[in-house]
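The chain below stands alone and is given as structure tokens, in the form predicted on its own.
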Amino acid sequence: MNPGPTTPAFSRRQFLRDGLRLSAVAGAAGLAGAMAGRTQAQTTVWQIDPAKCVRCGNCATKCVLEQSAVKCVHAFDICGYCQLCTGYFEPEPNELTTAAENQQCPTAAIKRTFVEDPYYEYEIDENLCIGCAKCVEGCTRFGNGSLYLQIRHDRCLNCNECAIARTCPGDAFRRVPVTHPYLLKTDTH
């Protein structure tokens, strides 16, 4: 007498192989979903509004990165190219030389190049800049304000809740569209 249809016996090896295949497919689907979610979430990025920045120094110390993603940038179109750049020199420098004791920047991130008397060009070496805002303070307080801070997006992790934004006393951090990630000093927002 035939007891009826029998179910095929799965071997342990076949069970593990099928389980691994299912896990791989589920993992790939999960990864694809996570990447799609990340792409959709990247519609805005953090940026500093230069009009609200109070140059407190938090950008240098509060970023989750070892070296802050905040860097000084220079609006060349509004710079006076002064011999006595108050973003470059300490207030009342001993002399107008590039000696370290005369400079605002603690890391010598501002490079001063003679153009013609009495003009100098000032460029920021972003690899040296720590975002301390000392040069920005000097340029804003005594100069024309051509130096200002911006978040560099090739360095920024775009944290969901930016550590610097949480501690910013000027409420200068805001989300901006990824298509226009930088706020220019001349912009009025």
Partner chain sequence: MSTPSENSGFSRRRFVERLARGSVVAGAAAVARGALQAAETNPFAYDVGPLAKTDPAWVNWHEVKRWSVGGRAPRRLAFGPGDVLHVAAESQVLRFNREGAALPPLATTGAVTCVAVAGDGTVYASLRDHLEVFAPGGGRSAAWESPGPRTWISSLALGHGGLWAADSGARVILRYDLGGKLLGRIGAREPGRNVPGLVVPSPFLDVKVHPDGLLRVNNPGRHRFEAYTADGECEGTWGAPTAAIKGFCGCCNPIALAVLPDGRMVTCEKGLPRVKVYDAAGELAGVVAGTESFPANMKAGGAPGRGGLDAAVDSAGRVHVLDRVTATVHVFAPGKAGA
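Positions refer to the first chain, counted from 1. Values in this document were obtained by computation on a predicted structure and should not be read as measured data.
One more form of this protein should be noted, the form predicted in complex with the partner chain, which is absent from this view; the next part is about it.
None of the heavy atoms of L149 is located within 4.5 Å of the partner chain in the predicted bound form. Taking the partner from the other structure, the partner chain in the predicted bound form has a heavy atom within 4.5 Å of a heavy atom of C132. The closest non-hydrogen atom of E137 lies within 4.5 Å of the partner chain in the predicted bound form. The closest heavy atom approach of I48 to the partner chain in the predicted bound form falls outside 4.5 Å.
Although the partner chain is not shown here, in the predicted bound form the stretch 154 to 173 places no heavy atom of any residue within 4.5 Å of it.
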